[in-house]
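Two forms, one protein chain; structure tokens for each follow separately as structure 1 and structure 2.
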Structure 1
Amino acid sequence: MKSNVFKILAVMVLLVPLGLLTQNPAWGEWESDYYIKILGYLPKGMADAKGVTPLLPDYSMKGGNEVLWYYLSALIGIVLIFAIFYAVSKIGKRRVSKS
């Protein structure tokens, strides 16, 4: 593949552990304890929130090596993105050939 975009992507993936240098959370993306500490309570909607249980919460695996799982998370995300794009293109093609 001739595009430079793959080289750029490879370099970025190699550097991705730099993203772990800070432990600061994003503004508004705190754990429940933070709200309880600041407000004295956890808003009801937040306490009742039901989401899916993520496979790799916070791009890490409990007890696993932080850097290794950050690398693996980057690769998993990239593989999923490409898989979905290829799947979508296949669906598109099948529809065209049927019609």
Structure 2
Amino acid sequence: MKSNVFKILAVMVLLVPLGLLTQNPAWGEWESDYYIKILGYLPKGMADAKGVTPLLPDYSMKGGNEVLWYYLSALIGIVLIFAIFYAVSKIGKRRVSKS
């Protein structure tokens, strides 16, 4: 089971640069103007998040290779998500063993 998960993740990481081929933004990465156009308003949570600065804006840093930064962003995201789920599972196991 684990090897299948890693194979799927590897394929997904390899396909990451496909997003560079399109002029359209990825699902959910629309600008505020898009939401206003489609919904007629900007949801409050999104309006409040305008001051949030992403760690890697547009999945890149100045002076770097765009494709390389896409791969690095994907890998950083995967590592962060695995770390969060690993930590949550460890906390859950401790609570179960104490009860």
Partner chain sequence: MHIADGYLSPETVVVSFAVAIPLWVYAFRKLKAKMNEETIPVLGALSALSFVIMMFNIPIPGGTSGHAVGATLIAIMIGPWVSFIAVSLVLLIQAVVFGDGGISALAVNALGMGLIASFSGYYLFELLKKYKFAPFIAGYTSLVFASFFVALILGIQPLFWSHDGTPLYFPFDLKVTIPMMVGGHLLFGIAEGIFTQVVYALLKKEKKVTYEI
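The term rigid core refers to the maximal set of C-alpha atoms that superpose within 1.5 Å between the two forms. Throughout, residue numbering runs from 1 along the sequence of structure 1. The shown structure was predicted, so the numbers you read here are calculated from the model rather than taken from an experiment.
Between the two isolated copies of the chain, the first is the form predicted together with the partner chain.
Relative to the superposed core, residue 65 undergoes a Cα shift smaller than 2 Å between the two structures. With the core held fixed, the Cα of residue 19 is displaced between the two structures by less than 2 Å. Here the chain moves as two rigid blocks between the two structures; the smaller block's rotation against the larger, from C-alpha superpositions, is 50°.
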